[in-house]
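What follows is a single chain, given as structure tokens, in the form predicted on its own.
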Amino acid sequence: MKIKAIALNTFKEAIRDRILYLLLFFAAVCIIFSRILALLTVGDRVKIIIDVDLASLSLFGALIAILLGTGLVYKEIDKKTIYTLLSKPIHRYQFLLGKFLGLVLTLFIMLLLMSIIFLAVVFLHTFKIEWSIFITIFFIFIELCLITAVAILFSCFSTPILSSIFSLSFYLIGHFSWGLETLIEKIRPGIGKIMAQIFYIFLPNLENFNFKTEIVHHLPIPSNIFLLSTLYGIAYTIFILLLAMLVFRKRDFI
């Protein structure tokens, strides 16, 4: 009940944030503009619309998670409300978990709204809905849950500006970590290669949640990949949340 109360309060605070609606507006503009872009380009227009719109969902969803998530804990500390909350019979892990679930609920609603606009644009162009699109949207949501956990982690010990930079770096590194695998193959055996392999193991690989290319071009995807990607996202999110709880537990507010 304590976690639920904090989550609902976080959700109510998030939906009153103006930046949330600003990002939703720009996301809607990009999604609608994709149809105009498809008309001006050469090629399969449906593929262009789906590709651009799915990329917009992922990018603007990540921006919402980062810009809102990095201020969740800092605002409580800055406004001194953290002292009132922690003076009550509330554990610190309950506080963080409530904040996380509240923001995840907000992201779910925002992603749902963006997806409705996206599907409406696709339907107006093709007069049908490809159900495989929902698979990509599902994995975008899992990715956003992970980004939310990362934003909360950085929010536990840093300012919103630095936390936003760190979280955005996490997002970018996660989508370009595949380049490190190519680099490892070219490095000669030795300490450098071992260090690169260690970095590759611990760095996030957000491309595990990226099925846009397969869905757009109707490429076959092994069923076990979906399960592995889901488990990877859940496990990594839990790990980041546990790390955030450990950092927050050691934080001294006196």
Partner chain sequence: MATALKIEDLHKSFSTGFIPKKKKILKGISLAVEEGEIFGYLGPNGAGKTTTIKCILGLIFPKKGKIEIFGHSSYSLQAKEQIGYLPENPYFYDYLTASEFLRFYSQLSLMKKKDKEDKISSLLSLVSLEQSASLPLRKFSRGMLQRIGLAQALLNEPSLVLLDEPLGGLDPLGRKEIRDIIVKLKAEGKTVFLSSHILQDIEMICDRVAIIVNGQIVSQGTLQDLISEKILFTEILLSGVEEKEVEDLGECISTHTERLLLKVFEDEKIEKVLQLVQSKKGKIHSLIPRTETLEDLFVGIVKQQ
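Numbering follows the first chain given and starts at 1. Predicted model only: the values in this text are computed from it and were never measured.
Missing here is the form predicted together with its partner chain; even so, the following discussion is about that form.
**Student:** Counting only non-hydrogen atoms and a 4.5 angstroms cut-off, does residue 128 reach its partner chain in the model of the complex?
**Tutor:** Answer no; every heavy atom of residue 128 is more than 4.5 Å from its partner chain in the model of the complex.
**Student:** So, residue 81 and its partner chain: in the model of the complex, are they within 4.5 Å at any heavy atom pair?
**Tutor:** Contact check for residue 81: yes, within 4.5 Å of its partner chain in the model of the complex.
**Student:** Taking any heavy atom pair closer than or equal to 4.5 Å as contact, tell me whether residue 92 reaches its partner chain in the model of the complex.
**Tutor:** Flag for residue 92 set to yes.
**Student:** Check residue 85 for me: does it contact its partner chain in the model of the complex (non-hydrogen atoms, 4.5 angstroms)?
**Tutor:** Contact check for residue 85: yes, within 4.5 Å of its partner chain in the model of the complex.
**Student:** Is it the case that 5, 76 and 251 all touch its partner chain in the model of the complex, with a non-hydrogen atom of each within 4.5 angstroms?
**Tutor:** Yes: 5, 76 and 251 each sit within 4.5 Å of its partner chain in the model of the complex.
**Student:** Which residues from 207-237 come close to its partner chain in the model of the complex, meaning a heavy atom within 4.5 Å?
**Tutor:** Heavy-atom contacts within 4.5 Å come from no residue here.
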